[in-house]
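So here's one chain in two forms, each on its own in structure tokens, numbered structure 1 and structure 2.
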Structure 1
Amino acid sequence: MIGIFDSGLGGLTVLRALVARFPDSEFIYLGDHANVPYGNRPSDEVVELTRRSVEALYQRGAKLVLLGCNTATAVAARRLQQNWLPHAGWAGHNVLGIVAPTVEAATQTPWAVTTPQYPQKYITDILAVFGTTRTVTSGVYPEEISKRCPRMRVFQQVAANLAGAIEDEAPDVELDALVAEAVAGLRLQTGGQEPHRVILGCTHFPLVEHLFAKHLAPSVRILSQPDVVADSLEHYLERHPHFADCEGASKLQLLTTGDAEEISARARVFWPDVPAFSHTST
């Protein structure tokens, strides 16, 4: 069984891609909607909330948990992997984030390679990251990309209100204006130069990928996290097949720390035929 954790609802775009890619696998999804948003919380609190939810998924049978949230990944993933998990008594379990596969796709360099390798060390491409305020201010994408491709120019642009507008089912004209504003802000940073690649660094943003494509040049390659993460997990499970073992009858279970009926209704923005959520307390 594979667990997916998110502080909100955007991780459903990742889950939906994983269910499509692995139709015979078991997934359990936990959204900490009682404590959302994480973006305005202190880092230690984000780590503790994420740890609590990861452990709740372990207790329900998941051996591998994927953090389907850029904020939780940027703030908590490394600390959980290095400081908590080795001493927590969960031998045979693991926790992964969505930053690593995204960086791998952007740099064409395995995550384990943390120094520049030929030919990546000579790449001078422009890469843009669109994200929420917390993800951008964490600096995780420029930091990790520069380790592998030090000459690549990375520009980050906050799209502060876009995730909320998507979740609130704002009209297309409003979403289009927010994307256009974000792209315009990026061009101010680059002096009008178009990026070669773009990371949509928020799991809400794949729902408006077509709007980013509209406002960016046709030559720009957009890296959408659900597909990137599905590719990465497929390769990971090939190397670690024991994490893909099915252990129960249920193929998909959705849990929320919030109001299950309300979350089930809101989740349809991200997945129109999404199964109903059940309430849980971690």
Structure 2
Amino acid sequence: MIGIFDSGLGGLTVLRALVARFPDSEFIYLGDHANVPYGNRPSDEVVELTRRSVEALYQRGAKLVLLGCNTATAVAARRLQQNWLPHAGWAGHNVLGIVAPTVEAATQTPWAVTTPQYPQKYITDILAVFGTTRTVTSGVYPEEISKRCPRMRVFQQVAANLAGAIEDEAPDVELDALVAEAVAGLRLQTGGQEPHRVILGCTHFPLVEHLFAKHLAPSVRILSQPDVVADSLEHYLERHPHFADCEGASKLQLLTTGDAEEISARARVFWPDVPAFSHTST
């Protein structure tokens, strides 16, 4: 059983791609709606909330947990992998993030390769990353991209309140204004130049990808993080097949630390046949 974690509903964009890719696998999803959004919280708090949720998923039978959240990945993944998991008494368990596969796709370079190769070292494209405050201040995307593509011009733009507004089912006009503001902020940084490619570096943002597409030039390619993560997990499971084992009866279980009925209703807005959520505490 594979666990997917997000602060709220955003990770469902990843889960949905995984369910389509691995129709016979078992997934358990946890949305920490009691604490969403994470993006404006201090780093230590994000690490602790993420650790609690990962542990809750381990306790419910997941051996592998994928952080379907850029904020949690950017701030907590490495700390959990290196400082917590080796001493936490969860031998045989693992936690993965979603920044690495996204950087691999953006740079067309395997994660293990950390020096510029040909032709990546000559790429001068403009790449834009939209994310939460915490993801952007972590600097993880520009840092990892510039190791592999040193001439790529990477601009980060915070869309601070967008994930929260998506969670709160804000009206389209409000979401549109937040996306327009983020795109305007990006153009201010680039001096009006349009990026060649864009990473929506928050798993909530694919839910408003049409608005990003509307405000960016038609030539801009938006990288699909859920698909990229599904590709990467497929390769990971080929190398670590024991994490793909099916053990239980139910194929898809959805948990929330919030109000299950309310969250189920909201989730159905963008995933009509998604199963109902159950309440849990972490």
Ligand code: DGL
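Here, residue number means position along structure 1's sequence, counting from 1. Computed from a predicted structure; not experimentally measured.
Here the chain appears twice, and structure 1 is the form predicted on its own.
Hinge assignment between structures 1 and 2, with options L178, L223, V47, I166: the rigid parts meet at L223.
Superposition of the larger rigid part on its C-alpha atoms leaves the smaller part rotated by 12 degrees between structures 1 and 2.
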